[in-house]
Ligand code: LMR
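A single chain comes next, written as structure tokens; it is the form predicted on its own.
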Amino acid sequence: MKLGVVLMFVLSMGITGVANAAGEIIIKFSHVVAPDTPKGQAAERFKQLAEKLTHNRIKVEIYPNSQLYKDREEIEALQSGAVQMLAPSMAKFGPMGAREFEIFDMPFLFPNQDALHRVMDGDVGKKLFAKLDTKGITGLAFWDNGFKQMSSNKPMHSVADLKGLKMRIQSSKVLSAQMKALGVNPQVMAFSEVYTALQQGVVDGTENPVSNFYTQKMNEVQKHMTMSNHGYLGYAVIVNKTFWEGLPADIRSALTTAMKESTAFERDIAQKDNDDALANVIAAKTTTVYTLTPAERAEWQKTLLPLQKEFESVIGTDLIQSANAIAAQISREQAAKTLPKNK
């Protein structure tokens, strides 16, 4: 009788998920970075919380470092139900028709993390996740990695220094246009292939938050890194929609709580990990780290500002305007804090 109940449970799961012999619902959580990155650590935290809060009715299996799927494959794997959960970078959604997510690829749009989080956690974030519904995907949270820095085997101070370089990018029309505006030849490539491509000279450089740069040992094959903070790399934690909606309500509620706590944890450690990684890169003395001067940064910004107008029709004028308005509001708030108080 008990065996029959278990078999009925397994069959009832259908395409909504996978159950093991103990009746646990299995979530395969696949990602492409190292376990010790902010994403990797947050995935592990989610596993711990999800299993605890569901009293082990959920079992989360984590597959880091592209063990199951590379960048180009993982979205399709999620949609087919081969995995239940991913945390891809936002650039992955453009090629599948949700071009609005490329707002996060827009250079110099977000001045700081406060602006980012207000955009993600507000109406803009809700509108973006709504775009995934028709793709068989449910969005759960936005996770940080950090602001991106340029690396190559030559110094990069002025825009002219970038001309002619072959730079690896993710598949994104915005990132491609960004590099072309800087005089760079963009090369789309899976993240798992970047180290070898840099080592062999297939590409000259790339853009990454420092935590990715260091954990993937790119400092071994890149002589220069410019602290440009020109762009942002973050992740959307997503699940297979059929799987998510097929879960019992109490399980879904527990997983939502686990994801909320994991997101707070992830955002707390992301900046620290980037700061620590930068210290490690400097200490290794294999890569010269350079910070743009205000004048140099202004030149980069001026060169890339036209992209906002170019991509309004793709990303949405309302979304870009909302992001700019939030950034302006935060700037006003920060300025107000520095004003002397009347005695």
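Note that the structure is a prediction, hence the values are computed from the model and not measured. When you see a residue number, it is the position in the sequence shown, counting from 1.
Unshown form predicted together with the named molecule; subsequent notes refer to it.
Asker: Is residue 33 a contact residue for the named molecule in the predicted complex, using a 4.5 Å heavy atom cut-off?
Answerer: Residue 33: yes, in contact with the named molecule in the predicted complex.
Asker: Does the named molecule get within 4.5 angstroms of any non-hydrogen atom of residue 191 in the predicted complex?
Answerer: Residue 191: contacts the named molecule in the predicted complex.
Asker: Could you confirm whether residue 235 comes within 4.5 Å of the named molecule in the predicted complex, counting heavy atoms only?
Answerer: Taking the distances in the predicted complex, the answer for residue 235 is yes, it comes within 4.5 Å of the named molecule.
Asker: Looking in the predicted complex, any heavy atom of residue 71 within 4.5 Å of the named molecule?
Answerer: Judged by the heavy-atom cut-off of 4.5 Å, residue 71 is in contact with the named molecule in the predicted complex.
Asker: Counting only non-hydrogen atoms, choose the one of 244 to 252, 158 to 166, 131 to 139, 227 to 235 that falls within 4.5 Å of the named molecule in the predicted complex.
Answerer: Flagged stretch: 227 to 235.
Asker: Contact check in the predicted complex: 41, 45 and 274 versus the named molecule, with a cutoff of 4.5 Å between any heavy atoms. Do all three pass?
Answerer: The answer is no; none of 41, 45 and 274 reaches the named molecule.
Asker: Name the single residue among 212, 222, 149, 84 that comes within 4.5 Å of the named molecule in the predicted complex, judging by heavy atoms.
Answerer: Here the answer is residue option 212.
Asker: To verify the annotation, which of these, 118, 92, 99, 267, has a non-hydrogen atom within 4.5 Å of the named molecule in the predicted complex?
Answerer: Selected option: 92.
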